[in-house]
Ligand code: HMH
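Only one chain comes next, encoded as structure tokens, the form predicted on its own.
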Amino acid sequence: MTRSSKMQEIGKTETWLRKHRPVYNSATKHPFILSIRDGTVQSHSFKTWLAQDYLFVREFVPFVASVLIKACKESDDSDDDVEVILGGIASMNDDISWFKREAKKWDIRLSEVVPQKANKDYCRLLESLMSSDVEYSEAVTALWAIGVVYQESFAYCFEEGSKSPLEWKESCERWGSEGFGQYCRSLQKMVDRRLLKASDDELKKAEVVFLSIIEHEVEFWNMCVRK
């Protein structure tokens, strides 16, 4: 088997994950995530994440809708892209409701929360990816990257040996669950399938998007640990 055929077999996304493993780990094994896993996370850090992520998810909804529109136009009838993305959109209504319930527990008034710089920068990236000029391959790569970073990060928080406090365990299980993991794997298959048809220019752009998502995820976590 040639090197190129082997890379094609494992998928472009897996080659990125291997090629950029240190960068990827800086997000999925960030000090904020490690502090949740070992039980040392400060309440102000968790509350910052909760409030800021609520704002992010609300901005995330129109982005996912834009990816759905691109999928409707560009995916083949034989693909399940539209169904997978629709399933993700349906779950976000429950996510928003969960954030609201958790905010009440932590006495956070979501209507008074102001987005911090890292959050605003991340949302600006999402907005830029909603442009009609952005290829479907780039947009769906971003959707997968956002999901997989969250899934792997929070799954690590309740794997064997975790000391995550009970009050934060539900958050970890919500995004670190096998169900969410399956959704992320479905997205990954979609991305790989799409990139098989992509030009060299599209591949380069998609990889840049992947790395940009990782960079913004790290900054988002950094925001949570700053006092």
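In case it trips you up, residue 1 is the first one in the sequence shown, and so on. Note that the coordinates shown come from a computational prediction; the quantities given were computed from them, not determined experimentally.
The same protein also has a form predicted together with the named molecule, omitted here; what follows describes it.
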- Query: So in the model of the complex, does any heavy atom of Val57 sit within 4.5 Å of the named molecule?
  - Reply: yes
- Task: State yes or no: in the model of the complex, is some non-hydrogen atom of Tyr150 no more than 4.5 angstroms from a non-hydrogen atom of the named molecule?
- Result: yes
- Counting only non-hydrogen atoms and a 4.5 angstroms cut-off, does Ile146 reach the named molecule in the model of the complex? yes
- Is Glu207 one of the residues lying within 4.5 Å of the named molecule in the model of the complex, judged by heavy atom distances? no
- Message: Each of Asp38, Tyr156 and Phe158 having a non-hydrogen atom within 4.5 Å of the named molecule in the model of the complex: is that the case here?
- Response: no
- Query: If contact means any heavy atom within 4.5 Å, which of 159-167, 29-37, 197-205, 48-56 contacts the named molecule in the model of the complex?
  - Reply: 48-56
- Item | Sequence-ordered residues of 33-51 touching the named molecule in the model of the complex, heavy atom within 4.5 Å | none
